[in-house]
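Heads up, the chain below is alone and in the form predicted alone; it's given as structure tokens.
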């Protein structure tokens, strides 16, 4: 029996728009060709930033964009990316193919990009190969509203007013490419670096590196070290885990079982959120420190004929289902999660956008973000889902995948409901009951669906895109028909 109940008499928390954040690293063609083409390019641009990409991202409404990495962050020195472009040094990108990094796209360019798309910038500082002074001076360059040498340099670079950067990460994956620290060693380094991350009159949001996957031990050891040595250390506001659900098959070639397998792997995000927050609560019961997932998504083998270190992959309807079910998890746990950043924005991993010279397309995952944008700032509501399951085989074992997932939010008299049907070939009739005395007056819906292997290409960029869907939403009970392999967004007037 499949059934959905939405309790409008209760609430979870306001859904932070930063849950719908993105991640843009100096990796492959994410920045160069994806965001930045230069002012002399024949591709229409604003100060070197692609106009088509900006227009597409504005529709997705990213709350925040994380930059410059990733592993790149802990070998990046911000001074290389400021000043006259023709005088910036050319460095080797040691993590992503040892290509030459021209530093044409630096601090000022990234902040302009964020402002153009309507997102807040989130900078990741260099702990692995950098210095405390370097990170302290970056915050001064960005935020000091005075007559220091660094503020004068910022003004000469084009921004007399402060850049007002709020979000600052202290290193990236410091258990691995960011320095191979133990949790205790990183705890010591974090406290030292974070002490000098100053707002210069602006309240900053300082983020510590969390674990790979759901490594509760890393979290416990980090916070134990932080609290044991200095029990009331306050300059930590966020704590960021990473989770990649990987692949099953390739980006576009997979069996029906592999379709189910990858969606199932994506659902492990929920125990990560619950268990990481519980581990944090032991040291932070008032939840002054927010849980962040600032890298997550699918990770397929790179497309044939492309540089394997550039992590370029296609993006199918299956990726869209993983994105949708993950966003629904974050919405349902809006009291636990304050920010997430899917990896990555353009041309890398589970991208929102793919580009090829002058061509640009929005991927199925990008369309999910646009469909789900109305959740931002809404109040998450408790949702009960009774769902049938499908059994699939993976690595010589059988597993069960619930077919229906979803989340609900409320803004005034508007109820927004997002649902997924993971069944590869069958539509499902889903009864919906509104609890708490509310009744639906009317409704409208959009659906993203197609063949389970469907994806957009530069020759056919609109194979997978949202379409209007007929629904009848009246009273406290109604039925929704969810097509096979679909993401559905329903807006209900109460």
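Residue numbers count along the first chain shown, from 1. Not measured: the values here are computed from a predicted model.
What comes next is about the form predicted together with a small molecule, which is not displayed.
Peer 1: For the three residues 23, 27 and 311, verify that every one has a non-hydrogen atom within 4.5 Å of the small molecule in the model of the complex; reply yes or no.
Peer 2: All three within 4.5 Å in the model of the complex.
Peer 1: Is residue 244 one of the residues lying within 4.5 Å of the small molecule in the model of the complex, judged by heavy atom distances?
Peer 2: Contact check for residue 244: yes, within 4.5 Å of the small molecule in the model of the complex.
Peer 1: Is residue 71 part of the interface with the small molecule in the model of the complex - any heavy atom within 4.5 Å?
Peer 2: Because a heavy atom of residue 71 falls inside 4.5 Å of the small molecule in the model of the complex, the answer is yes.
Peer 1: Would you check, heavy atoms only and a 4.5 Å threshold, whether residue 96 touches the small molecule in the model of the complex?
Peer 2: Yes, residue 96 sits close enough to the small molecule in the model of the complex that at least one of its heavy atoms falls within 4.5 Å.
Peer 1: Does at least one non-hydrogen atom of residue 295 fall within 4.5 angstroms of the small molecule in the model of the complex?
Peer 2: Within the cut-off, so yes.
Peer 1: Quick one: from 254, 299, 283, 200, grab the residue that has a heavy atom within 4.5 Å of the small molecule in the model of the complex.
Peer 2: None of the others qualify; the residue that does is 299.
Peer 1: Of the options 173, 328, 261, 109, which one has a non-hydrogen atom that comes within 4.5 Å of the small molecule in the model of the complex?
Peer 2: The option sitting close enough to the partner is 173.
Peer 1: Want to guess which of 339 to 347, 409 to 417, 82 to 90, 187 to 195 is within 4.5 Å of the small molecule in the model of the complex, heavy atoms only?
Peer 2: In the other structure, the partner sits against 339 to 347.
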